[in-house]
Structure formats: C-alpha cells, structure tokens
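Shown next as structure tokens: one chain only, the form predicted alone.
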Amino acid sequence: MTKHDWLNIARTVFISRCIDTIEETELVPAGKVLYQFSSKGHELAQALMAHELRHTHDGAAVYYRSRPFMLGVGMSIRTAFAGPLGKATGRSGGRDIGVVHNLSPDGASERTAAGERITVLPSSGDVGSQFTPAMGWAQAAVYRSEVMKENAWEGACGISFSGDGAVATNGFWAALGASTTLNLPMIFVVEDNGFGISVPSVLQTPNGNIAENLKNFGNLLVLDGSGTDPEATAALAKKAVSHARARKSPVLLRFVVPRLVGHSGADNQAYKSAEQRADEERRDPVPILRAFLLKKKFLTKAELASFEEDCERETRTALALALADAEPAPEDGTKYVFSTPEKPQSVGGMLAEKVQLPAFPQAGGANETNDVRLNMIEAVKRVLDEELSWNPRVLVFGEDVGVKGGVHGATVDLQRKHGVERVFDTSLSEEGIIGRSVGMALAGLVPVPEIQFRKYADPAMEQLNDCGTIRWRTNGDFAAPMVVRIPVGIGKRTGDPWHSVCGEAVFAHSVGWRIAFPSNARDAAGLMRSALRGNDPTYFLEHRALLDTAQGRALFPVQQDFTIPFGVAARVREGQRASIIAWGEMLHRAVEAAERCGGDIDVLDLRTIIPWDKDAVYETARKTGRILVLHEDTHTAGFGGEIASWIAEHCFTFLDAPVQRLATADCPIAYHPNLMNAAVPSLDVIAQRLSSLLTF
C-alpha cells in the first residue's frame, strides 16, 4: 500500500471517529440523534476492508457498527450524519435508524474512484440476518459470470460483516454451510470485540474464538488476527479478498478489536471491569494508526495534526449541511411499500436493469383451441418451464426440487431440461433458502424458492419479513422481487399439525408482500406468470388438496401472454340471495354448498389475498345483502375477519343480515381424518350456515 492509500485509510478512520464523538457529546445530548451506535475501536479493520473491495459487483452486507466501512466505500459524511438525524436525505429517508445502512452504486459520493462503487445490501436491525443475503449475492455473481457469461461479474464477492455475537445465529451457520459446499466467493468478516451487548463471547462460541473453532471446517480459509495493528490488519484484508476472488474457497476473517464505548448510547458498560476497559483503551486503533503514520514518515507530527484538523473541519462542514437538510414529510412514511411506476428501484430485480419482456404471441388467436385441461401442479410446472426457457435470470431451487422434482412433483424434469445451475437442491435450511433468494434478487436474478410446506416457512420468517420492507426501508432505492412457492392446507386424505397448516393470515402481516392463492390450474398459471414478471416479492400458495385432484383441474392457457392481475377476484357463480367469499380449496366447497342450498348464490373467488378485490366485495355485498366469508385458516385473526370488518365499515347500509365468518377451529390440524374433518369447515357445516344466513 502506498502513502496515498494509507492517508485515505487514515481519513476514513479519523472522520468516523469524529462523527461518533460529535454524536455522543453533542447531538445525542441535544436530542437531535435519538438512537446512537458507535464504531469506536472498529474503524481501522473496516477501512482496510473497504480499500480492498473495489469490484463494481462486490456486494457487502453490513451491520449497525459498520459506518467506517460505509465511509470507505463512498457514503458521504453528510449522508452519514443525515441517517441518525432522521433527515429526508438519509439513505432511508428517515424511516430507519441511521446505522442500518445500504448503498447503491449510484448512491456513492462523488469522491469515490471509479470501480470502487460496490453495492451495500440493505441491512437489517436483526442480528445475523446479513449472512445469507450476502451468500446469495455471491452465488448470483458466480451464476452471472459463469452461466450468463457476463464478464463484468467475474471475480465479484459477497461479504458479510458482523460482531462476535452474530456467529451464534442461524443465519451465520446457514450461510457458512451453503458457501463452503458450493465454494462461493464469500467472505465472513467477524469483528470480535468480546461482547454481544453485555454477553461475553465465550457464551456465543466455545472459548470465545470462532476462528479457532472453525480451523478444521471443510473448504474454508480461516484467518485470525489483529484489527488494530495497521500492517497486520492490512495483510489479513488483502489475503482474504484475493483468496475469495480466485474462488479458492470461502474465507472467515476474524479481526480482534476493542469496543471502546457501550453497545449503544444507552449502555454504560457497567458489566466491564476496570482492567477490561484499560486493556481496550490500550488497543485503540486511532493512536496506533497515528504512531504508524509517523513511523513510516508519511506525515510529520505537524502534518498529522493538520491532517486531523482538516478531517474534523470537513466533518463539521458536512454536519452543518446535514442539520440544514429537510425533515421527512409525514405523508412519505407510507410510500414505497410496493412498487410504483413513479420510482422504480435502482437495485434489485429485472426492472432495475431494464430487462424487457419478450413479445409473446397474443392470446385469443388460433392457438386458443390448444388449451388443455391440467392439474394445478402440472400447470405450475409448465409455467416454470416456460419462464426458465425464455428468461435466463429465473432460478428454481429448494429442498428436493432437483433430481427428485419436488416432494409434490412441481419441478419434475426441470433440472434435466434446464441444468443443475438453474434448478437445484439446497441444504435443509429455510433461513438459507429465503436469505439467499434476497441476495440473488438484489443481484438482478428472479429467484423462485420452494418451501415444502407452510409450517416449514417458520424458520425463515425473519428473512421473509425483512425482504418485504426492503423497498420501504431504502426509500425506494432497493427491491428484492421473488416468488416463494409454498404448498399449504390439508391433504386429500389426512392432515397433521406439521404439513397441513394454511396460515395465510400470518403472511398477510408480512408488509410489502403480495399473496396469490389460486383455486384452479388456469388461475394458477395466470397468477404465476404475473408474479414472475412482477416487481414485488410474492407468496404463491398452492393448496395441497388441489394439486392433483379434479377440483383443481382447469384449461391451461397455452398463450404465454395470458396473465391474471393481482387484486382482481373471479365471480364463479352468479346469484341474488346471498354471497360467499372464499379462496383456495374452500372455494370449491362454497360452490357445492351454494348448489345444495338451491343456487342463486353469488360465489366470489378472491384469488389473491394481498391485494384483495374490494370493488368486487363491495359489489356482491350491495347486490345480495347477505355475506358469508369462508376460509381454511383458523378463525381468530384469520383473514376473513379483515374482510368482514371492511364490509361492516363500508357496506353496512346494504346488509340484510350480520356478516358471517366460517373458518377452521382454533386448534392444530389433526392426523386422523375424523379429527381433521371436525375442525375444518365441511360441506354440511357450510350449507347449514348458508341456510341460516338465507333465512335470517
């Protein structure tokens, strides 16, 4: 490294230290920064990693103590202040705490040299959530360079930054396992300061040293050393990055650093002894860096003092600008939950890279007669096959989706036809499946992960929830469109508590996600095409009892331009006496119950839960005045309650009877058919409730 390099490193370190000091001593006491996290002690290691990461397509996933790294890769000082100040000019527009970072290549400051504008993936306040998205970015870099033959992606890495506490999380182990088995260009940077808030590192990993414990881990280069000694730290950073870029193996790089202040501004560190604090002060990287610059004769004492004064002057000039920046407008707080044409994201999905859809043959022509009647599972498979055929960005993966073709058969022969790079099995980690999908989507791919059953999504809920808020958290700058396929609900013959969960109401609480829940093969095809060509993350729920049964069969639309927009219900029966609103498998029970009760019943298939068709619900309520909302999810807090509440609020004057709800009992689904059928609304029970509604 040259003198110029070291002075750039020093500038990042000194400015970061200055920002922390100003926040701690001026802005927090004045109530201008409401939530403060200091990076004091971590600056040098991060600045040196930023110096090494200069590939245009490097993707770094950071955490709340990563501001020195952010400054090193191009975030301006003004932006660094604007985030904690909650200003509209911050990276989140005031939505998120200021140390939950992100940075798009075009969001880097003008001072960053060409080729250094890496992508910093939107970080989360959830400890350990950064690992699997970084791993997904690394896998996308390999795919785009080796399969899509995009030379610009060759040598790009995925990098995660964390403290020592995060090595105990599910995300760390999921990313470590996938990275090493797939030999991805992935670097795990662990800044070990010995504490997770107040919990010592010996309670996070045996003996408190994750590097020592992983020395014999397969296909992993383990580096361990000082994060405060300039030359030793620089050598470790350089070795880690060059090793990963060459695809020799993933790298775990542990830097030993001090945490010179509390976990956050509210932490007084009373749990540390005087000896521990004194030891940390002795390892402060700032005075060590000063001594290094003098020893190397890069600066004289006078020049060093002037250099630091310049850094503080620059910092305070930027602070003044940030303090004068606009406060966020109240109405902006609800913007960018979903995609909007007014502000397309700059990173993530096909839209950010201006990928054009092909000119599909128009529907309604001679090919209309070629529509064939298919099971729902076959319809899903055909659409996946079509999209894989025309769109090289589509990747289908999950547990058992490769050679086996999925436990439900939705991916049979797709790996044989499209290759193992595009249709592949994953390790048994739902956190890893969804987290990697986030990284892939941010890298411009279209992930289609499969979660085998609804209950199995539980370990991935942190990643799912975080994914849905990416657009909102980044002020519309990032998005991670994907389609998560999940078979849900009871089986044809039996149930059980583990494979028969429906549970769409929980997903409806996942902000930023669209939800499709088709009742037949034709709707499944149209909604799947819309989802795969859309610009928002989407849950695609496939009811298990409809996958290969007569009820779910329908004419498959062979025209590839046939899509069904989200938020548009289907009226499957016309009637005047009452209305049933349903979705999924319950839709078919609703139709049978309507016939049993003499017909003339309006039956509405919502088809999508988020968004749902309020106009169609309004119209059916106005027409019949009697409403039964029917669903398989449990009664309490089920999505039917949302619909019933909306009808009561907006359609009250049309009603001739109280809105009725019918749903599964508030208990798990049992294994024995007698117990299962007693809990789930049967045809007899639905018909009885409908008859009661008609005679009210």
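All values derive from a computational prediction rather than experimental measurement. The first residue of the sequence shown is number 1, and the count goes up from there.
Form predicted in complex with a small molecule: not shown, discussed below.
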Heavy atom within 4.5 Å of the small molecule in the predicted bound form: which of G398, G163, G432, G348 fits that? Just give me the one.
G163
Among V403, L304, I197, M461, which has any heavy atom within 4.5 Å of the small molecule in the predicted bound form?
I197
The small molecule in the predicted bound form: within 4.5 Å of a heavy atom of each of E386, R485 and R529?
no
Hey, of 22 to 30, 62 to 70, 630 to 638, 651 to 659, which bit sits against the small molecule in the predicted bound form at 4.5 Å between non-hydrogen atoms?
62 to 70
4.5 Å heavy atom contact, D496 and the small molecule in the predicted bound form
no
G125 near the small molecule in the predicted bound form, any heavy atom under 4.5 Å?
yes
Decide whether N193 counts as a contact residue for the small molecule in the predicted bound form under a heavy atom distance cut-off of 4.5 Å.
yes
Considering non-hydrogen atoms and a 4.5 Å limit, does the small molecule approach H263 in the predicted bound form?
yes
